[in-house]
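Coming up is one lone chain in structure tokens, specifically the form predicted alone.
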Amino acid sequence: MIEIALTLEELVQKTKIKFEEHYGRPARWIVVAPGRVNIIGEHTDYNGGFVFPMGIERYTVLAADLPKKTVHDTVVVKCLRFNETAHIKLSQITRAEPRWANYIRGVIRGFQEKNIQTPALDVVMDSTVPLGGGLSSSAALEIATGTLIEAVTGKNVTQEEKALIGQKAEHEFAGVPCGIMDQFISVMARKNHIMLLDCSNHETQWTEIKNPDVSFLVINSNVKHQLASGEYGKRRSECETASRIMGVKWLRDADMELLESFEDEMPVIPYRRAKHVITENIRTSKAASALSNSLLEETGTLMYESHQSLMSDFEVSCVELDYIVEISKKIGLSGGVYGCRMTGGGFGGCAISLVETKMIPHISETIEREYKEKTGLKCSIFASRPADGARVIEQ
């Protein structure tokens, strides 16, 4: 069945109420940033390639005010999701517990490095972005934090600078060597639009999704295999090896002809990783063009091809994600499914499916039932249209 989350308006209202209950006064600032799902273009971002993400209708909300009493160097954050409170000393921004607060710490440090000093704050945080599903709950928190700092200080950075601050926080405070996609789309997302991002130069193109009869279905496998933590960095290193052997800055600069010319002198694993990235870049550009022209079947075919490549050449899928794609293929065009693929880093998390809006109840029920029969697990499913990016709701 379709999973129903709080609407943005309901989430904002809940967070405001919880702030007043916790701190005894109304919040002054309310900011929001969305999670994201990538339609196609996986593990291409850190290789300088193309990605095709959209903001989703799942959000992180921060409610904040200056402290009632004079506190010179502490940001206090009450997290409703974990029922935990973090005390962040502004004069000592280092990694610490709780770990979720490291994303906030990293962004505060990034703004400090730009001579934008976050004052002491009381904050309440809540979110409807699923955790551990590859939907960028971390980027939503980073970008919401940056947006709050801008609102409180009255000093803005560019959208690109804010995204890069978030990415640096992820690298240095969470230890995840992510590309730029997640933070870029959380900052810049547009309602009813999907972003084609060139990760080599940060240029963007937008594909408008006008047709309300088409939606995206996000299917969370609700598994996250332990391999995931170290394998992301390993894949990145393997791609760098392939680039170095071919003498290119990154795999974005290679094509299949160049790769094939190095087949005899490149180890098989880097070769396969490079093959995925090179062909995925082609698929992503084609999918953006196809979707902009409402060529839904062609888009779906490219999504299936992407999953096959991620499964075989990049080896980041898992049996649970493969089952979801198999079930979606079986439902097929006659049942309202154009295409499906894993999305995110892999080894669990979510799949994304392009579907007919009117068929969502039937598709969801079928996937949920057959997935449980195959795995014994319950998947979580929600539908989304492309959502707006980070913004200030109240100040």
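When you see a residue number, it is the position in the sequence shown, counting from 1. None of the values given here were measured: they were computed from a predicted structure.
Absent from the display: the form predicted in complex with ligand ADP. The rest refers to it.
- Contact annotation: S186 falls outside 4.5 Å of ligand ADP in the predicted complex, judged by heavy atom distances.
- Using a 4.5 angstroms limit between non-hydrogen atoms, G110 is distant from ligand ADP in the predicted complex.
- For G132, a non-hydrogen atom is located within 4.5 Å of ligand ADP in the predicted complex, even though that partner is not displayed.
- None of the heavy atoms of A163 is located within 4.5 Å of ligand ADP in the predicted complex.
- Remark: none of the three candidate residues (K16, V31 and A64) comes within 4.5 Å of ligand ADP in the predicted complex, counting heavy atoms only.
- Looking at 147 to 155, 200 to 208, 74 to 82, 286 to 294, the stretch with residues near ligand ADP in the predicted complex, meaning non-hydrogen atoms within 4.5 angstroms, turns out to be 74 to 82.
- With the partner omitted here, the residue from T299, N281, S137, N220 that has a non-hydrogen atom within 4.5 angstroms of ligand ADP in the predicted complex is S137.
- Though ligand ADP is absent from this view, in the predicted complex it lies within 4.5 Å of a heavy atom of just one residue from L251, A169, L141, I324, which is L141.
- Contact annotation for 102 to 122: a single residue, Y103, has a non-hydrogen atom within 4.5 angstroms of ligand ADP in the predicted complex.
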